Every structure is written in C-alpha cells, then in structure tokens.
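Below, in structure tokens: the form predicted on its own, a single chain.
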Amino acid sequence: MNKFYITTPIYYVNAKPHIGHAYTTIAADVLARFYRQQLGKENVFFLTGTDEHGQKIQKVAESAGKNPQEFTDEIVAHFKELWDKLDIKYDNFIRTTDESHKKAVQKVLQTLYDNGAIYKGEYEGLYCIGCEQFKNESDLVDGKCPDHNIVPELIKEESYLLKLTELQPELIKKIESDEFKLTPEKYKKEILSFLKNQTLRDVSISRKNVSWGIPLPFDPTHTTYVWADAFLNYLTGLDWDGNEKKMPKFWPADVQLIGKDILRVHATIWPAMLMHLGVELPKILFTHGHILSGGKKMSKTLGNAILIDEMLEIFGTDGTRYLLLSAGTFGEDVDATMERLVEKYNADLANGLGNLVSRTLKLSEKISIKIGTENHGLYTEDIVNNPEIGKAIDFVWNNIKNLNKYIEDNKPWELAKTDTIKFEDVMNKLVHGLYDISEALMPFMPETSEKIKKALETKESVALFPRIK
C-alpha cells in the first residue's frame, strides 16, 4: 500500500452534531493518523463533510424561519467547531452546497443519462422523510420506520430512475469475491441475503417537487435525489470534476466508514453509480453499530442521551476519544452510560496510564537514559487495517498493564538503594516501554502522546488525567 484514502459519511445538517457523528469521525481520524505514521502525510487523505440538500433540510429551515443556505451554514459551523475540539485532522471538509461539487454532480448525471443508465419514468414507494429514503414493507415495524417511528408516505410521481436491476448479478459477484469488501462479515452476509432474496428495483434519483437540491442538467424541473447527490462527495472531495476518464490519484477509497443505518444504500445505489460509470469501487466499506445507553437507543425522551459536549467538558479531548473508541467492539453496537464512562476513565486513564507515567518519570529522574526515536511497534498494520480499532487499543492497554505489573514485581524504588545495575536495567525497560506506548497512542490520543514524549525527554512531571470523583 502506497496511499491511504479514508472517508466518513457526510453528515446530514438537519440538527447539530451528536455523539454518533463524533464516534465515526474519531475512528476515521485514528486510521488517518495511523497511516500518516506509516506512509507519510502526503500519501494519506481523510475526507469528511456535510450533506446539505433535500426536502427534510428545506422543511427544518422553514420551520426555523431561515432560508436553507443560511440554516445549513449555521449547522456546518457547529460541525467544524466540534471537530476542532476533538482534534480531528481532516484533509478536506466537503459540502454538497459547494459550487464545484454541484457542477461535478450535474456532469456525472448527464453522463449517466447519455449512456442510458438514467431514464425517465414513474416511481411509487413508501418514503420516509426522516431517512430521505424509500422503504420496503419488510423494513417497517408496525408500519413505521424503525429509526424515526413515523409512517412513511406513499409517493407516486414522475421521476428519473437509475438502473439497478440489470447490475444485480454483477454486484453480488463483486461483494462475494471481496472486490467490494463489506465488513464486518455479518454485514456482508446481510447484504448478500438481501440481494439474493429480492430483485433490486430501479431507483429514483430525482424529485420533482423539492426545490432545495441540484437541478438535473437534462431536466431542471427535477432536482437530484439527496442520496445520488451525496454519494458523489467521495469523489468531488478529491477535487474530481466528474470526468470518469480522469480519476483522482487517491481513488479508490481504501476504507469508507458508515453507520449500519445507511448500509443498504451504500452497498447498492453507490456501487451501481460507479459501475455505470466504469469507475473502480471502494476497497472496503466498514459498517459500525450504534452507541446505545443502558441497552436502549439514546433519546431525549428516555433521558439516556450522552452529549458529546458534556463528555468533552468532563473527560477532555483525549479522554473522550479514548472512551468512545474503547466502549465496545468497533463494528458492533456499543453500550455506554455516563457512570460506566467515569469508571473506565478512572481505571484506564487516571490509574492505569496516568500512574505508569508518573511513577516512571519520578524513578527515571535518578538516571540518564537515551531514548531512541524508532518505533518498536506495539501493534501492526493488520490489527488496524480491518479496521479493528478496539483490538489495537486493547493491545496498547495490555502493555500498560504489563509495565505497571513490572514495576510492582521489580520494586525499582528499592533497587535504587540496593542494586544500581539492576535498577538501571529495569528503568531502561520502563522508559523505552513507555516511549513505545506513547508512539502507539498517537493516533488515538495525540495530545497525550506528545505530552508523554516531551516528559520523557525533559524528565519533567506531567499531569495527564486527574481522577474524577
């Protein structure tokens, strides 16, 4: 691998960012930072951004007494502010209201129309405005969208359709062979089961009565369906102008991170658009679960929502990053409560890492140890590449536990008085072990990593994670 391109989904701007947005984006930032360590900054590209068109945005803006552009500008500012607070280092922040994006989308749609992949017809289906998606009867629970608890509206209207049915056999082969790799494995099985048990319908890519969107170049009475617009950000975010014969150097995406609620559209409509264009598919589509609280989906009504701003206030930037990514297996639903987060913060950060750093620094004041700048590598690329972020964190924390145990077993404070040679050997292992830990922590906790390195060089004490009572 000589380059690494990672994307988050672009986030819908109907409301301010929440903990779920933070979860995905921190994970992407960790992977981008890891590969910058391996490949160099110039060979890594990390894209995130916002999805700003569609009927839902139009209605929310109207209810707020604002025009859609004004409303989206305000919400986008909240996203960028949060990413700054979380120390997210993206290479580009794409907005679907960017003029360059809109022009590229129109160029792509014209190409698809010209080659017969898009045709004019009529579409009828159950439409959930909350998801901005058409739903199958089998997707509903008691006749309602399970994600938004609303009854979808039956819509029948003139529409332009993208051909999906004819691509279904080829799409199945690409997923089965891992040419288009869906991971974790259970999501691959879920999509293959869906594709093998029902016929994909050609999908609407336009709306006739929605003004807040990109007009179709071949019929300006229609605007582009929000998903067809949004998917192309993964290319336009690389300054792609819509010319399928001249692709950006970072394409294809190496990892695209998404939440499980948008898996089906990313595993069907998105690859179909690329297949019609003759463009290579992304390498890995990694799907993660939801963050639950007390076993239930977070909601203001239940009073179990954990606010990302509250986490930042209590745990700080690196503490928040660590706690979210270590809350459970990345890819599965994870369950978090504020009580558990405080307990884990105290155990892993204040006591575990904080205690190791403070004891090692205090004991190393007595001797001179030269620290090499090489990274001995606590984990390897294959642990992160799946991406099994939780395994990488567990591996680092096992090393932290082992070094703390090594201190208890060897009692260097006693060796300093009785056996200076062994004391120096023990401290050499501790200092170099802690340096390796600081290197391994860099993608996850960049500020903490730098503080530890600096403290090891200067031998000055450093306060990392004060215990929370």
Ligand code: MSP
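The first residue of the sequence shown is number 1, and the count goes up from there. Keep in mind that what you see is a predicted model, and the values were worked out from it rather than measured.
Below: the form predicted in complex with this ligand, not depicted.
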| property | result |
| --- | --- |
| Complete contact of 128, 146 and 224 with this ligand in the predicted bound form (any heavy atom, 4.5 Å) | no |
| One residue of 360, 233, 72, 206 in contact with this ligand, assessed in the predicted bound form (non-hydrogen atom, 4.5 angstroms) | 233 |
| In the predicted bound form, the one of 95, 283, 102, 290 near this ligand [non-hydrogen atom within 4.5 angstroms] | 290 |
| Contact flag, residue 452 vs this ligand in the predicted bound form, heavy atom cut 4.5 Å | no |
| Non-hydrogen atom contact residue 174 with this ligand in the predicted bound form at 4.5 angstroms | no |
| is_contact(residue 51, this ligand) in the predicted bound form, heavy atom dist at most 4.5 Å | yes |
| Residue 238: touches this ligand in the predicted bound form, heavy atom cutoff 4.5 angstroms | no |
| Candidate stretches 340-348, 251-259, 150-158, 186-194 - the one whose heavy atoms come within 4.5 Å of this ligand in the predicted bound form | 251-259 |
